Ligand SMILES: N[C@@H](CCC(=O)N[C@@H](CS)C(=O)NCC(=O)O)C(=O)O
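Before any questions on binding or motion, here is one chain by itself as structure tokens, the form predicted alone.
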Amino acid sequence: MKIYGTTTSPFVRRVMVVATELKEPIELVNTATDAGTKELEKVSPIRLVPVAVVDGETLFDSRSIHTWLLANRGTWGTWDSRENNLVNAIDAALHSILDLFYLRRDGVVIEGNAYEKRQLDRADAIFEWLGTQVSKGSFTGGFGLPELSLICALDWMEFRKAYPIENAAGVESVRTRWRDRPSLVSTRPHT
């Protein structure tokens, strides 16, 4: 499987972990380089990572790639409406923080404005809700997509210093529980 993306992207990392868990070989096209970006532009009109090319198919978005991997390469984790809600919530928090990160990185002054406040409030509310889900036992099953999504989001936020991780203290036990899993250790973001 050829994956287009960066080693720091939480969405690319999710795909790489699932592929690793399923023992699917990975060839990474690093889109952090100009050459990698040009390659991405050739295969994807939406130009978002991850993109995968596997068995002659081009797949956009981590969820599409996960769906394909599970349908064609084996079973990993479970998937039901409860887990879908957890992943949707995690993704919403992550997208809020990603938006703020990229605006700041591109030099847009957002500190103290209403947009920044709404995005941070949204992430805080989601992590608070996720903390209640941890307390209710929603994350006590095996290592599946909700756990993976949460860990990748928290690791990225901490790596980029994009969100005060202490605001997500209610979900830290999930990350702690799976921290040493080989597929997570080998894909952890670093410079």
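Keep in mind the model is a prediction, meaning the values are calculated, not measured. Residue numbers run from 1 along the displayed sequence.
Here the subject shifts to the form predicted together with the named molecule, a form of this protein not shown in this document.
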Handout entry: Three-residue site 9, 49 and 102 fully in contact with the named molecule in the model of the complex at 4.5 Å by heavy atom
Key = yes
Exercise for the section: Considering the named molecule in the model of the complex, find the one stretch among 142-150, 159-167, 126-134, 61-69 with heavy atoms no farther than 4.5 Å from it. Expected result: 61-69
Problem - Distance check, residue 98 to the named molecule in the model of the complex, heavy atom within 4.5 Å - result: yes
